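Coming up is one lone chain in C-alpha cells, specifically the form predicted alone.
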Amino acid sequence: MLQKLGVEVLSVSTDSQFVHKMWNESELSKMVEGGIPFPMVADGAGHLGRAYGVYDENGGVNIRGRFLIDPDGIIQAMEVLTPPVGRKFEETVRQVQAFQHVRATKGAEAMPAGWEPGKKTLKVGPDLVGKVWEVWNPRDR
C-alpha cells in the first residue's frame, strides 16, 4: 500500500542482516505473503538510531520509531513507541495521504484532526482564523 503511494520504506534495526533474514523467513513470511516487502537495514553500531534519537545506549538497540520524511528530506512526522506497544499501519497510511495532500496543495489546505481521504479539508488563510468551528466540527467526521 505505501509503495502504491510512492513511499520508499526502510526498516532499520541493530540486528545483523543474518538475523533479518532469519526473522523474515521464520516469522514475517508467515504473516505477510512473500515476506517483508521492503529493505531491512542493519544498524549494528546504532549510528542511524542515534541520528534519529531512538538508540537506547543501555540496551544497545534502536527503540521503535517511525519517521515520515518528505521528498525534500524533511521529517514531517515521527512516532516513537516502547516495545510493548505496536503501531497501526492504517494510521501511517492516513498520515502519508494527509501530508501528500498538503504538499499537493502547496500548503493551501490543512487536514483537521482525524481527517480521512475524501473528507473536508481546511482552506488555510486569514479567513479561517477564529472560524475553524464553522467549517469543521470533529463530531461531523
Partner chain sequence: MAEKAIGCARPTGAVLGGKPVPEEKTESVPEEKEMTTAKVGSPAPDFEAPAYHNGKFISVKLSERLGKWVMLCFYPGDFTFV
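Positions refer to the first chain, counted from 1. Please read all numbers here as calculations on a predicted model, not as lab measurements.
Here the subject shifts to the form predicted together with its partner chain, a form of this protein not shown in this document.
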property	result
Site check Asp15, Trp23 and Val61: each within 4.5 Å of its partner chain in the predicted complex by heavy atom	yes
Exercise: Glu134 in contact with its partner chain in the predicted complex, heavy atom 4.5 Å	no
Proximity of Ser11 to its partner chain in the predicted complex, heavy atoms at 4.5 Å	yes
Interface membership of Leu122, its partner chain in the predicted complex, 4.5 Å heavy atom rule	no
Heavy atom of Met111 within 4.5 Å of its partner chain in the predicted complex	no
Contacts with its partner chain in the predicted complex - residues in 49-81 whose heavy atoms fall within 4.5 Å	Gly49, Arg50, Ala51, Tyr52, Val54, Val61, Asn62, Ile63, Arg64, Gly65, Arg66, Phe67, Leu68, Ile69, Asp70, Pro71, Asp72, Gly73, Ile74, Ile75, Gln76, Ala77, Met78
